[in-house]
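Below you'll find only one chain, the form predicted on its own, shown as structure tokens.
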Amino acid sequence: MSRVRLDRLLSNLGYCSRREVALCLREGWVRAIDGRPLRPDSAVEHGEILFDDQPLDPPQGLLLMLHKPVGYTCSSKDPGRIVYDLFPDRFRSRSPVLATVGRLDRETSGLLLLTDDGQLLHRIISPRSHLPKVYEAELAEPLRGHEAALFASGELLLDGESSPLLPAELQVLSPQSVRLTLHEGRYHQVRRMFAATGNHVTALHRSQIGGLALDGLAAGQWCALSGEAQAALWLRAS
């Protein structure tokens, strides 16, 4: 890994401003693993530095998986609870910025990805990727029996749109509970699909994107994804 100035490294990771690095050094919050003396302009590698005796957060190229709870929004400008409240405060100051990969609405829970890698973000959300997304939904009314064929037809046209939806797979779990796999990400798509059948989604949860699943991650918890875990993203959903 290439070396970078210490003040730039800590500022880009959101720990402090460049001007504050000297204070952090004087207070003993920042030190080198090998004990060598440091200055704000010292050339360092990411893995050589501890902040408050802890390894630094992952460098640029970070991909996080969050189990988003109901009641949180993905907008950083929302006056209520936002997903960034679930991360360390310094994550809001990272440069490049840490952004959500698509969105889940306030009343939807489940798997949400965040990254500071713009190219990766656009690759994931690109319509060309057709990355499958799996949702579990609870419905206000029992299924009528025609929904699976309608969603799989590739002919369902949502209100206000000019192109039909891509085929989607519906698995019936109970008369009012389903698992739905989508291959695109239109605005409030699952809710609008069932509204088109005369039904209403009362609870919605995203459990999987590609081959990446929450795997026991509790609501409100997050983890940084390793290279192996990131590779699983591009596997087909099961």
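Computed from a prediction, not measured in an experiment: that's the story for all the values here. Heads up: residue numbers just count along the shown sequence, starting at 1.
Below, we refer to the form predicted together with a small molecule, which is not included among the displayed structures.
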item: Proximity of residue 165 to the small molecule in the predicted complex, heavy atoms at 4.5 Å; value: no
item: Distance check, residue 204 to the small molecule in the predicted complex, heavy atom within 4.5 Å; value: yes
item: is_contact(residue 181, the small molecule) in the predicted complex, heavy atom dist at most 4.5 Å; value: no
item: Touches the small molecule in the predicted complex: residue 189 (any heavy atom, 4.5 Å); value: yes
item: Heavy atom distance at most 4.5 Å to the small molecule in the predicted complex, all of 91, 93 and 116; value: no
item: Residue among 150, 124, 134, 104 with a heavy atom within 4.5 Å of the small molecule in the predicted complex; value: 104
item: Partner-facing stretch of 190-198, 207-215, 59-67, 169-177, counted where any non-hydrogen atom is within 4.5 angstroms of the small molecule in the predicted complex; value: 190-198
